[in-house]
Ligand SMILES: Nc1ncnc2c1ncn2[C@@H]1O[C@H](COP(=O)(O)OP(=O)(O)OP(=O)(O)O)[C@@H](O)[C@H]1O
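Take a look at this one chain, the form predicted alone, written out in structure tokens.
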Amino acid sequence: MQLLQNILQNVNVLSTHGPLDVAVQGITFDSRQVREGVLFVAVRGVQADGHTFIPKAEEARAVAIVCEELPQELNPSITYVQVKNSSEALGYLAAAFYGNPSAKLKLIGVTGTNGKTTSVTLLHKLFRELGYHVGLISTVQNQIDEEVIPSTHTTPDAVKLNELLAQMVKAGCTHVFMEVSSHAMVQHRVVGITFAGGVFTNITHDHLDYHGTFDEYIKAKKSFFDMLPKNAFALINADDKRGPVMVQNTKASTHFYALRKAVEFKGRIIDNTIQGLHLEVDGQEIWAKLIGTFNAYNLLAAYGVAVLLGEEPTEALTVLSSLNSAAGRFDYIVSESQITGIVDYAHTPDALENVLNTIQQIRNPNQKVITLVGCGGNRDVAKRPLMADIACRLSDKVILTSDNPRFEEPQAILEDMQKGVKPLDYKKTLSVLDRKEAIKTACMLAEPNDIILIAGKGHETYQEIKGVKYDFDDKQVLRELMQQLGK
């Protein structure tokens, strides 16, 4: 419980109507969660405007209402606070209500198109092995040490985020590693959060359905580094040409990691096989369990963060060499007939190309690569033909199928993807609408020693169709079908 006047301190308030010394017992921007003593914040969302639900919040006896536009009639038993930006105000209010938990932690945010989940997962595992109590906030799951808390968004909303961080403080966590999405930046979900450091992995074509243009997407990512305080660090992938752009206006100390440039945290791939990576990092050789160039970058980022947080470099590298990746990231099984099945979350053109390039690097000349890929519905349409083109260019056979069609017609999504298939690739490309049937087809086409890539869903255990999430786990389906077919 907090007094309203105490949690308003950082909010840009335009006017107040009613007493400010009222007790706030909770904060929400969902009118359905309002009860007596709860503060309701009317946020303008993508699909709905919270201002239209102010009457419901009033009926539910909210103690106070924060909004950009005041209702025509004010309820004398409710305090109204008019603000310039409700979603920004929500961040400050939530942080203050939960006692500014981020300021009591070494909180590191990781942003970029690809590599966020693997990087934060590696850091969580690394710092657990180093003996710390550690929190994790990621697309796959949230964790307090080893306790798993289900995840619904890459970055939770401001209220849930601060509540989670407060739980982590209470549990004795000293470090927290979290993904920071571009959506979170635009929607002010991390306003009021104090970061000790930020990491930029890379930026490629994604989320243009939301941001509109690539420039806007870049601005959203850059805004994370703009908000870092002077005593924080920014660790940037120098091999990404937009890396320097991210830190043009940051107040944080700037550091770089790379495979191709001479920078502070320098890595070199000595060997890359299905068994893992042999790397040279800052002059020391390590053998890591992770596979592929993209994972070399993820390992370098985790190493750089550890050193910047004061850990001993050799000890950090020793622990990193023993760690596995996040679920659904180049997650592979090998059948009795030596068919390798790889499940990966690659759902952007760049991520798919990275995974397929890695497979090309580690495969034997006589191994065929069979790629199964789909694209999500109600998302960036422009990437659909690109995904199909990349799959065709880097595979021997391609199966186009459904991903999470959501509210779109699956056939329409496939037709968008088919536009990227060149005439020369028609013969090696199949379209199978049902994802399970598509995986079965891939298994039937595979011969001993071949490689099957199931791309797009990774760790997800559902398939979303017309607003319903049906149970579906790519890795489980692949394993079962391999066994059924005697593969």
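Fair warning: this is a prediction, and the values are worked out from it, not measured in the lab. Quick note: we count residues from 1 along the sequence shown, nothing fancier.
Another form exists, predicted in complex with this ligand; not displayed. Remarks below refer to it.
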Heavy atom within 4.5 Å of this ligand in the predicted bound form - the one residue of L136, A346, A388, A94 that qualifies: A346
- prompt: With this ligand left out of view, which of T117, S86, T401, S102 would have a heavy atom within 4.5 Å of it in the predicted bound form?
  reply: T117
message: Can you tell me whether D350 touches this ligand? I mean in the predicted bound form, with a 4.5 angstroms heavy atom cut-off.
response: yes
- prompt: Wondering, does G197 line up within 4.5 Å of this ligand in the predicted bound form on heavy atoms?
  reply: no
task: Please check if F127 has a heavy atom lying within 4.5 Å of any heavy atom of this ligand in the predicted bound form.
output: no
message: So in the predicted bound form, is this ligand close enough to N202 to count as touching (4.5 Å, heavy atoms)?
response: yes
field: Stretch in contact, per heavy atom within 4.5 angstroms of this ligand in the predicted bound form, of 362-370, 291-299, 411-419, 274-282
entry: 291-299
Contacts with this ligand in the predicted bound form, stretch 253-287 (heavy atom within 4.5 Å): none
